[in-house]
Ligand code: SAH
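For reference, the chain that follows is the form predicted alone, supplied as structure tokens.
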């Protein structure tokens, strides 16, 4: 098969920068890049790749609009524009999700559902978002509309389920603002429970339309298992899960920890995290809605004892307030999960100057065919013991 034919729209879409690179070569390049950034601090273990690096995205989003002949199209925005590149199937997206999006587009005419026109603000269907439970097979379809009324709603649901009986829930989300944001604030469940569940590292997680959940669950399990291996928990430790999101890694770590404290600024994520802890009957975890840096500063001021800090900051990395409070508390171990090796290197510079030594480091390929790569680093405190 000619490599160029892997995806006919790759150049316009811009999502898969490395579409024409052999997968082994992609891994090599990512490992080389991380190695060059971490060279001053530590050696890098062999990158964790995917066995089957295609169709891994369990969250698929299609924007709907009109082509120049005023026919409905669905796909993604051309890089840097609001022109829609029509996409029926994508190398990195869940195949079933792509099929459902095509089916929805084909049903529009018979149900007289107009697609939204960004220029005029006229029309109903703006986006379709599909989320799939990798382990459970559950599928959620989110129809993003410009108004809460879907004509022939019940018959539309019946027709879609006839084509795809595997769909477990359908939600209408209303976004009536002229915005590039996909989801609006109002939601109405029109079929099923309004959420799906998935299983990650033996724990069950509830995924709502707006929940944060890693898009590549196969590699997420490998990443989290590696982070917990690095943490080396024995069942007695107090663990802080900073930037904890919906609580996934903290809940997974809870089996092997004495107690876990999760900190997250986003209120919706904290609510999901508490639900997820209840769902898994985890009793030794508490979640706080707070800025991770401020929270840790407060803990440091109270001379709280923490054995391990798990941190998974955003792409911008951490800040000096947070890193300074880590240094002040001097936990025995810090396990840093990073989605941006450049900000990771910057943060490591600070921590290694203040008593930490990097013991282990590994890169993990969460996004094949793109130039993104995640890393896990384990640091141990080698500085002076804190005065009691």
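Only a predicted model underlies this, so the values are computations on that prediction, with no experimental measurement involved. Numbering follows the first chain given and starts at 1.
The form predicted in complex with the named molecule is left out here; the points below concern that form.
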From 176, 266, 106, 155: within 4.5 Å of the named molecule in the model of the complex by heavy atoms is 266
Using a 4.5 Å cut on heavy atoms, which of 147, 290, 259, 234 is close to the named molecule in the model of the complex? 290
Hey, with the named molecule in the model of the complex, do 224, 243 and 312 all fall inside the 4.5 Å heavy atom range? yes
Using a 4.5 Å heavy atom cut-off, state whether residue 122 contacts the named molecule in the model of the complex. no
Residue 212 within 4.5 Å of the named molecule in the model of the complex, heavy atoms: yes
Verify the contact flag for residue 248: yes if a non-hydrogen atom of it lies within 4.5 Å of a non-hydrogen atom of the named molecule in the model of the complex, no if not. yes
Please pick out the stretch from 106 to 114, 274 to 282, 290 to 298, 92 to 100 that is in contact with the named molecule in the model of the complex, where contact means heavy atoms within 4.5 Å. 290 to 298
